[in-house]
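The chain below stands alone and is given as structure tokens, in the form predicted on its own.
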């Protein structure tokens, strides 16, 4: 049992946030209700589109993100998990003003890579175009010895981006085949594992047979859930 309360800043998208709560529960070693982690989910799908903001075509999401953080702090939370990779583009200002630790999803991913025995070397990375362009994963993982390869521009345009949009539109099953195709192509290029660096991508991968994958994958939702459990139990 822990008295620590985890805040979950979600809504980006709503399905990924709900899935994070499910995985947090299922991954927690527990025999009864009281063994689980107290958590407060702030799921606000009104948070402005992160990609549009970065491209100068939309509102700044930071005030909305801080509004959620303020609400979680008022609810008594002592640390925050954000089950959205792209939102970590605003990590520094959020962490500066949150008044509590924000668990970084890329650091959680690095821990999960080591957990499954992926040594420093070549790995693949899938995510939104914005996440890839912001180098959220590349720089942080490169500092720990991993060499990152990504889908090519045609794969992003024809397969990855439409598949992520399908998951956000609740058409999860149709996103499975294109995303598995891209993951396997990264394995063919020498990736020893593939990081699913968008919280919509694991939802699609789970919608089809596991044997379709030819490479180990790191689910950033699960990685963040494990980091949250380690924080709560620590």
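Residue numbers count along the first chain shown, from 1. Treat the numbers as computed from the prediction; the structure is a model and nothing was measured.
Just so you know, the form predicted in complex with another copy of the chain exists too; it's not on screen, but the next bit is about it.
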| query | finding |
| --- | --- |
| Heavy atom within 4.5 Å of another copy of the chain in the predicted complex - residue from 30, 59, 173, 188 | 30 |
| Non-hydrogen atom within 4.5 angstroms of another copy of the chain in the predicted complex for each of 18, 40 and 45 | yes |
| Per-stretch contact check against another copy of the chain in the predicted complex, the hit in 163-171, 205-213, 191-199, 178-186 (non-hydrogen atom, 4.5 angstroms) | 163-171 |
| 4.5 angstroms heavy atom contact with another copy of the chain in the predicted complex for residue 223 | no |
| 4.5 Å heavy atom contact, residue 26 to another copy of the chain in the predicted complex | yes |
| is_contact(residue 54, another copy of the chain) in the predicted complex, heavy atom dist at most 4.5 Å | no |
| Interface membership of residue 12, another copy of the chain in the predicted complex, 4.5 Å heavy atom rule | yes |
| Residues in 186-208 close to another copy of the chain in the predicted complex, defined by a heavy atom within 4.5 Å, in order | none |
